[in-house]
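Just one chain follows, in the form predicted on its own, and it is written as C-alpha cells.
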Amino acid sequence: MKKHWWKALGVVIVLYSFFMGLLTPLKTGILEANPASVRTGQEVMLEVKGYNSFYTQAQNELRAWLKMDSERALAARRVEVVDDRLVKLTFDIPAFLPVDKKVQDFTLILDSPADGASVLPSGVFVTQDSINAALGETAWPNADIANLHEKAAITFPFRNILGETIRNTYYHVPLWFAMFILFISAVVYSVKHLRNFDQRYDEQAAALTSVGILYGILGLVTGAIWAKHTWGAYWSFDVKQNMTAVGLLIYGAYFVLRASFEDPEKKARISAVYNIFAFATLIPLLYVIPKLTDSLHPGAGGNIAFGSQDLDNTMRMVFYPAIIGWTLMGVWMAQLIFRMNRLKHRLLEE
C-alpha cells in the first residue's frame, strides 16, 4: 500500500477539485445596468441587477460610482434598494465630459458592507451632444472612491460573460496541462526505446499517449461546452479550437500507424519516431500559431492567459491541485493500460 500512496493522493485531489470547484460560491457581481447608454446634461436612473447580492442587508449604506479613469468618477446622488437583486441608482450627468470624445464608457462600481465591492466594466456609455473638454473639466465633480468593502468569505471571482462557467477553469485547463505532461513523458519513453530498443519503453509510451489523447478529447469537449455559454456556439472555428483538433488528429494517427505493422520491433521503432514528431507539432499548433492571430481564446492573439485577472488566490487553491490530481490519475491509468497490454502479450505467447 505504501508504494501506491500517490494513486490515492490523485483520487483525493481530483475529488477535492470537484467539490471545491462546484460548491464554492462566486463573489457578488453586477449582471447589467439599464439603460446602458445615456446622454449628458440629464438626471439618469440606472436599474442595476446584482448576482449573489444581498442589497437589503445594507440598504442605507450602499454607495455607487461611474468611474471614467483613475482620477475621475461620478458618485450616485441617490441609491434605492428594491430587493436583494435590484437597486436603482440616480446620477446627475454634467452637460460636458472632460474628454475629447463623443462617447465615453464608464465602469460602474457598487459598494456594500454586506457584499463587498462589485464592478461592471464598461457598464454605461455616456454620449455628449457637443465636445468641450475644458468645460467638462470644470463641471465634472471628481468623487473620491475610497474605503471599499471586501466580503470575508472563500469565494471565486465573478467575471462578466463567464459567470458560473468560470468553474470550468478547474477541469478544462488542468486536463490540457495533464495532457501535455503525459505527452512529454511518452516522448521520454520513445527516446529511451530508440536508445536501447527495449519493448517495454515503447509500450509505456503507447499507454501514456493513449491517456493523453483521452485527456485531449475531454479538454476539447469541456472547451466546446464553455464556448457555447460564452461565445454562443460549441464550435466557432476559433484558431485555437482548430489547431487543437488538428493536433489530436495527428496523435490519433499514431495508433493507426501502430496498427499497420505486424513486426513488433519495426512497429515500436517507427512509432517512437512518429511520437516525437507528433509532440513537436503541438508547439507551433497550440502556442505559436494562436499567438500570431486574433482569437477569442485567452492566451492567443496577445491576450494573456492566467494573469491576475484570470486567477485569484482562491482559484489557485483549486486550479494547481487539479493539475496535479489529473496528472497522477493519468499516470495511474497509463500504468493499468501498460500492465493490461503486457498480460495480453504473455497470453498470446503462451
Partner chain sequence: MNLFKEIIFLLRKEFKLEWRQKYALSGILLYVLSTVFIIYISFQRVSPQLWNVLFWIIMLFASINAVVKSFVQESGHRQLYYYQLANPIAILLSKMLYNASLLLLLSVLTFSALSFIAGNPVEEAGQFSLALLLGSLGFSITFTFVSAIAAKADNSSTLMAILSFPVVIPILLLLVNLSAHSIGLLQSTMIGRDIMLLASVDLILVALGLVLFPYLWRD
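Residue numbers count along the first chain shown, from 1. Given the structure is predicted, the values throughout are model-derived calculations rather than measurements.
Not on display, but discussed next: the form predicted in complex with the partner chain.
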Q. Do Ile289 and the partner chain come within 4.5 Å of each other in the predicted bound form, heavy atoms counted?
A. yes
Q.
in the predicted bound form, is there a heavy atom of the partner chain that lies within 4.5 Å of any heavy atom of Thr281, even though the partner is absent here?
A. yes
Q.
Check Asn147 for me: does it contact the partner chain in the predicted bound form (non-hydrogen atoms, 4.5 angstroms)?
A. no
(Q) Would you classify Val256 as touching the partner chain in the predicted bound form, given a 4.5 Å non-hydrogen atom cut-off? (A) yes
Q.
Counting heavy atoms only and using a 4.5 Å cut-off, do Phe180, Phe183 and Phe338 all touch the partner chain in the predicted bound form?
A. no
Q) Which pick from Phe125, Tyr234, Tyr274, Trp140 sits with a heavy atom within 4.5 Å of the partner chain in the predicted bound form? A) Tyr274
**Q.** Contact residue in the predicted bound form, from His229, His172, Arg269, Lys151 (heavy atom within 4.5 Å of the partner chain)
**A.** Arg269
Q. Which of 191-199, 79-87, 104-112, 157-165 has heavy atoms within 4.5 Å of the partner chain in the predicted bound form?
A. 191-199
Q) For the stretch 232-265, which residues lie within 4.5 Å of the partner chain in the predicted bound form by non-hydrogen atom distance? A) Met243, Val246, Leu249, Ile250, Ala253, Val256, Leu257, Ser260, Phe261
